[in-house]
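Heads up, the chain below is alone and in the form predicted alone; it's given as structure tokens.
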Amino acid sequence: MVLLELLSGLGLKVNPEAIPLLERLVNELLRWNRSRNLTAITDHDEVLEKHLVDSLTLLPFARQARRLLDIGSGAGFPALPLKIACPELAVVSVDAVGKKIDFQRHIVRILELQGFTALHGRIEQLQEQPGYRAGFDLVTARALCGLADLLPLAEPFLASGGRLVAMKGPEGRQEFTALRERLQEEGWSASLHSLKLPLSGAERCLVELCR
């Protein structure tokens, strides 16, 4: 039960029924990666920590949400792990790389996930579409772009009272500090959550923005 131990080290818990689904996600990613080049990380334990556990650090936010938009989701992280851990959460995942969306759709099929939509395209194309604009109480982006560039991409999708959580490495602290004054002036409530991944000790920053 290595996964449970890793999550426990971060104070996170998932339903035991989700564990085999999460493990299958990791195994399928590694299998597809041999021919599709979905991720630069090829070691099982590294994928477990740096994709799966890293994604699940958003569980406290996901459990308060009803509808999640994951921008630039790549092979489905954090969207897929959060959906598996929170089956009631409606998820829309968007990425511009077709093979990564193909993988997400494959996982949705084999794990029989309901309420998960994987869209191939650019996020800008969705901003004016009914059901998407102002339609999400949680928007996430994992190592996608700088905060200053992320805000105009994400803000149109936030429902009233919704929150944006940007997943960053150690650079997130500097970005947060540099933008804090501007964020306050624009009416954002901003918080920085720091943590370290349990195996590598790699630093992660979650920048939480809401208004």
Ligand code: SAH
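As the structure is a prediction and not an experimental result, all values here were calculated from the model. All residue numbers are counted from 1 along the displayed sequence.
The following text describes the form predicted in complex with S-adenosyl-L-homocysteine (SAH), which does not appear among the structures shown.
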Triplet Gly172, Leu192 and Arg204 all within 4.5 Å of S-adenosyl-L-homocysteine (SAH) in the predicted bound form via a heavy atom: no
4.5 Å heavy atom contact, Pro87 to S-adenosyl-L-homocysteine (SAH) in the predicted bound form: no
Partner proximity in the predicted bound form: Phe77 to S-adenosyl-L-homocysteine (SAH), non-hydrogen atom cutoff 4.5 Å: yes
Close approach of Gly135 to S-adenosyl-L-homocysteine (SAH) in the predicted bound form, 4.5 Å, heavy atom: no
4.5 angstroms heavy atom contact with S-adenosyl-L-homocysteine (SAH) in the predicted bound form for Ala148: no
Stretch in contact in the predicted bound form with S-adenosyl-L-homocysteine (SAH), which is absent here, among 61 to 69, 156 to 164, 174 to 182, 139 to 147 (heavy atoms within 4.5 Å): 139 to 147
Neighbours of S-adenosyl-L-homocysteine (SAH) in the predicted bound form among 105 to 125 [non-hydrogen atom within 4.5 angstroms]: Gly121, Arg122, Ile123, Glu124
